[in-house]
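Next up: a single chain in structure tokens, the form predicted alone.
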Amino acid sequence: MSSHKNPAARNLFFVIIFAIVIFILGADLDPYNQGQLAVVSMLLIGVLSVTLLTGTSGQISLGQGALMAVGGYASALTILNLGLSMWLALAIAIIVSAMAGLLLGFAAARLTGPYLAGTTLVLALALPSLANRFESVFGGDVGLNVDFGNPPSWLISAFGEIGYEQWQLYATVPLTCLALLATANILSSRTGRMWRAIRDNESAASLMGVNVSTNKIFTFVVSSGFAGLSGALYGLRGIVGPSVYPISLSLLLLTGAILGGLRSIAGALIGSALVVFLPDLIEWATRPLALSEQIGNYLPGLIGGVLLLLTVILNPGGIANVLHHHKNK
């Protein structure tokens, strides 16, 4: 059976290619860029959660960063209090975040548009106060200290000396690949088609036999599990605390998804890389101008906002859409 007739085989092929490319890059880059690439891989899982929730099913959420925090705290508390391994902690983070998504999903089944966005935004705004209210558990503003630990001996035997940033990357990429594969398979499945039908016209989808409420809840559960995994990995860089999961993190994920292309996996990949590398690109481009430190600090946010507005107005399909049309010319 050809890969064209077997989407699962095609998806697996592209994910394997992605993993090989990232591992090759990780071996050649310096530690700083290895760390950046690891962050791209972590945030990609979070952006994929936006791709599924907003791009595929049409539900707007401004609380994905808060769901990342749920995953981060769940993994950190599991590691620190129960002494479980990082891998078990990541699995628990997915489960706990999916359960939080289930609760949000029940609200989402009854809310649409700005009402849903506002509800998820409240969740993101409430996070710092919860961390401070239960400081003995969540560590308050200081947060909880966790990390990826040391690479296993068999990995060092296979690849030689591995730096901490490189280990971050190597530990993250397999999970990113699983998230990519799961997303690709969902989008090419009957479930993905039902979610797109709900996004395009809820009434028409219901008439075709789609259970709109159940699918909305299920979408939130799946996307929240993705966000929780992303947040757990993001926190394992060193600290799980309110400063690691600010409200701007939700906006960062949404910005990456929109800039890259809200409805495609390629767009999620492009957008994740863009939001991570854009500050360095801006610094490199403006270095000859000798801008003040204050202007330099705000410039990435300003340019990112301008790019977001231009994308929404001129090219809602994002960069991936432009590349797709150029390829098919």
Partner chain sequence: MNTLITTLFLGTTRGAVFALVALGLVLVWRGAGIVNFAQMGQAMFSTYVASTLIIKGYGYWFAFLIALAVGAILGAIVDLAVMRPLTRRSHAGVLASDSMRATVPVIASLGILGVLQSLAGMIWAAEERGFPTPVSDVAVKPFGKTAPFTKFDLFIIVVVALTLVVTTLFFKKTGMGLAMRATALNPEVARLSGIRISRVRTLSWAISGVASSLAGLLITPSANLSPNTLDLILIVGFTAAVVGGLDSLPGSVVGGFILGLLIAVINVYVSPDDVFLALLVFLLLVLILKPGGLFASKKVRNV
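Residue numbers count along the first chain shown, from 1. None of the values given here were measured: they were computed from a predicted structure.
We do not show the form predicted together with the partner chain, though everything after this point is about it.
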* Asked: in the predicted complex, does each residue in the set N132, G301 and I313 place a non-hydrogen atom within 4.5 angstroms of the partner chain?
  -> yes
* Asked: Okay, which stretch from 33 to 41, 64 to 72, 258 to 266, 273 to 281 lines the partner chain in the predicted complex, with non-hydrogen atoms inside 4.5 Å?
  -> 258 to 266
* May I ask you to state whether G149 is within 4.5 Å of the partner chain in the predicted complex, using heavy atom distances? => no
* Would L125 count as a contact of the partner chain in the predicted complex, using a 4.5 angstroms cut-off between non-hydrogen atoms? -> yes
* Just to confirm, I60 within 4.5 Å of the partner chain in the predicted complex by heavy atoms? -> yes
* Asked: Is G238 one of the residues lying within 4.5 Å of the partner chain in the predicted complex, judged by heavy atom distances?
  -> no
* Structure fact -> Picking from L181, M86, L251, I217, the single residue whose non-hydrogen atoms come within 4.5 angstroms of the partner chain in the predicted complex is L251
* Structure fact -> Picking from I186, L111, L80, V212, the single residue whose non-hydrogen atoms come within 4.5 angstroms of the partner chain in the predicted complex is L111
* Residues of 273 to 312 having any heavy atom within 4.5 Å of the partner chain in the predicted complex, listed in sequence order -> Q294, I295, Y298, L299, G301, L302, G305, V306, L308, L309, V312
